[in-house]
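Shown next as structure tokens: one chain only, the form predicted alone.
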Amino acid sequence: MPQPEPSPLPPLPPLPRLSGWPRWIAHRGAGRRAPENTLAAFRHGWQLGYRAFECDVKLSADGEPYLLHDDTLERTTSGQGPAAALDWAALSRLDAGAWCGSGWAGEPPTRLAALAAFANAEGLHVNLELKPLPGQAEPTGRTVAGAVRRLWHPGTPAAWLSSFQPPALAAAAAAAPELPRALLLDRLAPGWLAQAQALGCQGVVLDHRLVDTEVLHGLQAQGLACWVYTVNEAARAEALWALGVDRIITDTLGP
């Protein structure tokens, strides 16, 4: 005999707000509007009205936390080859703006310390994605967490740490357990929710295509927030707000 259809889940109540975090989070500084992960992008995003930002943090060869998404330099800088090969002195001399347009030429890569100074001055909310180079998950988590503890001023919004790599989050938790953390996911493998809980996360950041009411119910039942990436179509954003997601990371929407 055919099995009865499962009963639909009841509607979700609104998720609680997160200590004043704006709903919209600008991807890599200002989305597609400026050279990603540069201080120029954060300034441009701020001028556009964003007050919450996402960016990628990794370590130079000499252990300096700085902003870069890729493991190689060609796409977004004037450099060549693996990012792991250069110390901060060499990285700081690269052009990280010209690829995005001649008006951005000469913009250098950004140290985490420079971003912290801007965030402190403007009271910005920042989601730092731990983006370790190969074999650097634990040092990256430990170093970035320690830098955030040192660089972010008391009384300013706390930086969130997120990562696809659980060892980076675990190392960050050991170094600075008071900092909020989120597990990044591009698929829902068995045990994903338990893993987020085991890491002491306050939320998860999901590929928006993974989100449905059942996923949100599971997160809410555990007191975890749900952020989604990277949403660039207004209709999709409205559907996600209606479902009950907490925050949206975007290249093109928002303010």
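Not measured: the values here are computed from a predicted model. When you see a residue number, it is the position in the sequence shown, counting from 1.
The same protein also exists as the form predicted in complex with a small molecule; that form is not shown, yet it is the one meant from here on.
Chemist: Phe118, Trp88, Phe164, Trp104: which sits within 4.5 Å of the small molecule in the predicted bound form by any heavy atom?
Modeler: Residue within 4.5 Å of the partner: Phe164.
Chemist: Though the small molecule is not shown, can you say which of Arg51, His69, His217, His44 has a heavy atom within 4.5 Å of it in the predicted bound form?
Modeler: By the 4.5 Å criterion, the partner-contacting residue is His69.
Chemist: Heavy atoms, 4.5 Å, the small molecule in the predicted bound form: which of 127-135, 143-151, 77-85, 172-180 makes the cut? Say which one.
Modeler: Going through the listed ranges, the match is 127-135.
Chemist: Is Glu64 a contact residue for the small molecule in the predicted bound form, using a 4.5 Å heavy atom cut-off?
Modeler: Although the small molecule is absent here, Glu64 would stay clear of it in the predicted bound form, with no heavy atoms inside 4.5 Å.
Chemist: Contact between Leu184 and the small molecule in the predicted bound form at 4.5 Å, heavy atoms?
Modeler: Contact with the small molecule, yes.
Chemist: Although the partner isn't part of this model, could you tell me whether Ile249 comes within 4.5 Å of the small molecule in the predicted bound form, counting any heavy atom of the residue?
Modeler: Yes, contact at 4.5 Å.
Chemist: Please tell me whether any heavy atom belonging to His208 falls inside 4.5 Å of a heavy atom of the small molecule, as the geometry stands in the predicted bound form.
Modeler: Taking the distances in the predicted bound form, the answer for His208 is no, it never comes within 4.5 Å of the small molecule.
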